[in-house]
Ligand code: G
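Let's start with one chain on its own, the form predicted alone, as structure tokens.
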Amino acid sequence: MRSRHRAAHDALTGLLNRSGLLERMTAMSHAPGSEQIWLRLHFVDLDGFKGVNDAWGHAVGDELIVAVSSRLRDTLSPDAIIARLGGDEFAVLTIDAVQKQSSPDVGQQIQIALQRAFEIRGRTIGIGASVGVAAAPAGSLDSEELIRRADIALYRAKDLGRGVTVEFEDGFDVDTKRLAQLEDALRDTLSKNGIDVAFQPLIDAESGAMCGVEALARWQSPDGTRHRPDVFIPLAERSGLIDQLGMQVLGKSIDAAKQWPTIGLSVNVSPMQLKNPKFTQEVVEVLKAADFEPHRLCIELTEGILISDPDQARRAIDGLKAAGIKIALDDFGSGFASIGTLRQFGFDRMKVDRSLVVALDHDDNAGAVLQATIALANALHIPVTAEGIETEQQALAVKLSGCVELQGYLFSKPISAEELRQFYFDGRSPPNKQYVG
């Protein structure tokens, strides 16, 4: 009897485990009168739990898990069946007499309960929860299918951000199938070294001459379909393909830039790449194989990795800088990066987010905000690049505010390596009006 109990329950919290939950769902689906009820399964993922483990260790993390389980028990109806699926994931099974068209209050109850701070070992810890919900008449779906649907809904909730409850819809399966097909196509493209690279010039604010290029990943299917980077980059991150994609882009960018020895090369790196402990070594090996000077390469990072895993970010950045590679903080002004971030990581360059430049056209305070942002970097002796420049007025404003490099459609859209060579090195007319400083 004890061994059976242990097999069905989580040792840390005493809640049902996944096996116990499945057993209970199956029993409820075959119980007398089950045709009159709906099973509503809530998958719960704690927001911010990894940060707790990283900051205070697994012992505090375990105590938080126990506290969460207690709070769920105290908050929810005694009829609710609560399980811990593993890690920081929980499940709550409730029963409805009839189907409800709108998401019931349980998801909201869970979120409100878990938003209240926890007191553990004298520390005040704040987390939250994302909730995915799937419902069906008892016995109409296999238990594993109901779990699959709840898991898909939870995935959607996490994509939308913290503190969100999402109920499964039939259309989610269509999207899931489409993404699976797209992932297969991306995997095939990468296996054939088929990712393309476009280059957007970086312009010296004083002379108006091109001083560098930013490499941008491009993907076009054999049927001519062009996939947006904001679609295939996250897909590569989720599917474990981002390291392969990133190194393919880096290799092709370096091969092209070897033709242009007088300018620098900037390459974007995903936070997921930087979490790879072998990333720095792999970058250095690519540079050596191509006989490309490290000081010409600038790796552009967004703040995500700096916040989610600052220790790994520090190790990677230190390793890259030791190899002579420059590091730029991209999209500054769009998130939470601060003066402390700039000081802590020793960036060689800062790129002002496009939103600060666009705001110049319609916000009376935008100029002061932009000047203060650039002055912050200048005070730390960090040169600033402004991206998203589309008009002469914007170019003049950011130049007067202290930017030393400019980038945007005013000068050129992203173009192929061959077009760049023709327009900027062979003396042909550039694709856009050339800015004159």
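Computed from a prediction, not measured in an experiment: that's the story for all the values here. The numbering used is simple: start at 1 and walk along the sequence shown.
Here the subject shifts to the form predicted together with guanosine-5'-monophosphate (G), a form of this protein not shown in this document.
When guanosine-5'-monophosphate (G) is considered in the predicted bound form, residue 64 lies well away from it, no heavy atom lying within 4.5 Å. Proximity of residue 151 to guanosine-5'-monophosphate (G) in the predicted bound form falls outside the 4.5 Å heavy atom cutoff. Contact check for residue 86: no non-hydrogen atom falls within 4.5 Å of guanosine-5'-monophosphate (G) in the predicted bound form.
Contact check for residue 189: no non-hydrogen atom falls within 4.5 Å of guanosine-5'-monophosphate (G) in the predicted bound form.
In summary, the region of this chain contacting guanosine-5'-monophosphate (G) in the predicted bound form, judged by heavy atoms within 4.5 Å and restricted to 312 to 320, 163 to 171, 225 to 233, 281 to 289, corresponds to 225 to 233.
The partner is absent here, but in the predicted bound form a heavy atom of 217, alone among 76, 342, 360, 217, sits within 4.5 Å of guanosine-5'-monophosphate (G). Contact annotation: of the candidates 366, 82, 185, 249, the single residue with a non-hydrogen atom within 4.5 angstroms of guanosine-5'-monophosphate (G) in the predicted bound form is 249. Interface residues of 392 to 426, taken as those with a heavy atom within 4.5 Å of guanosine-5'-monophosphate (G) in the predicted bound form (partner not displayed): 408, 409, 414, in sequence order.
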